[in-house]
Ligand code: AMP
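Below you will find one chain, with nothing else, as structure tokens; this is the form predicted alone, and questions on how it binds or moves follow later.
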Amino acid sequence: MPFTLRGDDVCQPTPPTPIPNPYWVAFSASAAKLIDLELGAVGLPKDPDWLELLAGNQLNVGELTFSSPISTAYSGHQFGSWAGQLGDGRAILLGDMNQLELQLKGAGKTHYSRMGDGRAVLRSSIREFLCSEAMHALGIPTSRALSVVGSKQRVIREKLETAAVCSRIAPSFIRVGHFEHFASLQNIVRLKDLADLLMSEFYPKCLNKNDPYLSLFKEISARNAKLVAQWQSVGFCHGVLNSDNISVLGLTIDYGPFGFLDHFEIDHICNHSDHGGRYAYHRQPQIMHWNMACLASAMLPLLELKYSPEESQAHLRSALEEFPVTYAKEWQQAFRSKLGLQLEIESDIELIERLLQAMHDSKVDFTTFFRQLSNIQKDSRPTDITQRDEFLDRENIDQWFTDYIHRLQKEVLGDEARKGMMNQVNPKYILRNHLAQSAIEKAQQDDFSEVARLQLILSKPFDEQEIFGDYAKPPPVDMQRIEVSCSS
């Protein structure tokens, strides 16, 4: 969708800044299909000018020209505090293809870069590329990554690194922060323009509602409630759930200090800059709810076009209360599926919570445990289940396995059918930090083979892929505590 809003208060013209001697680091043929990009025999764009365009070095390929690249203004709350105006500090929207926005991340300074250089580094670009495509393969709504283009240009972060540009695709990159921006300026005209644009392009059913803006808020909130439930079900930690990083389409965007759980810690913090643990794994649902409250506050003036201030606040408070209900429903369904349960029995919630507590107490690997759980059969004996050896409290886990087997016996599906179902929701392969780090270190030595291999493996996360079995293993002890910061 083209970002049609224009004006100094909305966006600024932003031509990319060229990088010297660009080269391909990674490319997604799957994402390329979304924009009908013609590929050659080796899976890269047939027209070599695409390398220059995705590096930010030119704005045309053949007959295609992006004549008006922009960066957009938004505001937001960062780590719970109002940060004021922020904006696309290192993202440049080239334009749209097939009703999808094509954006370059790391292509130089923008009007909103503040003290930054507008660049991204190879390390962070590879992480975003791999995780965007991995999340898509897991069935989780996300922006897509089209490519990573590298350069030997030096960039200073915690240390001297090399530059890279990650190109990404989404129906829209509009975020909660865009609403907060216009609300903070008390610009009701722009706020209305933004909401009307969203409804016309993505939420057309809202236009026919008696309260279109309230309906729009409910739809955005519901999408994000479902999204965070999906994150929890695969052990994904975003790391920086600031309101300006929250998509109004319910997409996972802005991959920075993210991480998938290895050994399960319910209070795991993946971002070492998050000293207070605000964005820890177990807090993600409540923080997303908090961000929806920020959106509600920003959209309040739109409701006041029809209702009194008191009525508007009451409507939005009531709508906000739907978030935890939607989240709980989605979370319960996701974890029932992970356990192979199709019937809905009230005691299932206690069964799930007891398991997660036991996994937390013994630091059991999240992904591996759920994947192997499908091997349990209705006539299994708890003492014969090898997974019990991963738990410190054997008596406790034996009791859980006993209760779980009794619960399985209430299901209609046979063992093999249930195993097939469970293996389609419990991935074998995730983007573990140590795998990403290994690929990054090789790429920093100009060897991009591991990036390509991970991309291939993660494109089929539910398949056995026996030749890649080692990639499903938990990290070795010395790589269990890889720290990732906001600069990632």
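So that there is no doubt, residue numbering starts at 1 and follows the sequence shown. Keep in mind the model is a prediction, meaning the values are calculated, not measured.
The form predicted together with adenosine monophosphate is left out here; the points below concern that form.
Only one segment in the set 400-408, 143-151, 298-306, 89-97 has any non-hydrogen atom within 4.5 angstroms of adenosine monophosphate in the predicted complex, and it is 89-97.
The single contact residue among Glu161, Asp244, Glu101, Glu133, judged by any heavy atom lying within 4.5 Å of adenosine monophosphate in the predicted complex, is Asp244. Put simply, of Glu330, Glu219, Asp254, Asp262 only one has a heavy atom within 4.5 Å of adenosine monophosphate in the predicted complex, and it is Asp254. For Arg127, no non-hydrogen atom is located within 4.5 Å of adenosine monophosphate in the predicted complex, even though that partner is not displayed. Adenosine monophosphate in the predicted complex comes within 4.5 Å of no heavy atom belonging to His181.
In the predicted complex, at least one heavy atom of Gly116 sits within 4.5 Å of adenosine monophosphate. Within this chain, Phe323 is remote from the site of adenosine monophosphate in the predicted complex, having no heavy atom within 4.5 Å. Residues of 156-182 that come within 4.5 Å of adenosine monophosphate in the predicted complex, judged by any heavy atom, reduce to Arg157 alone.
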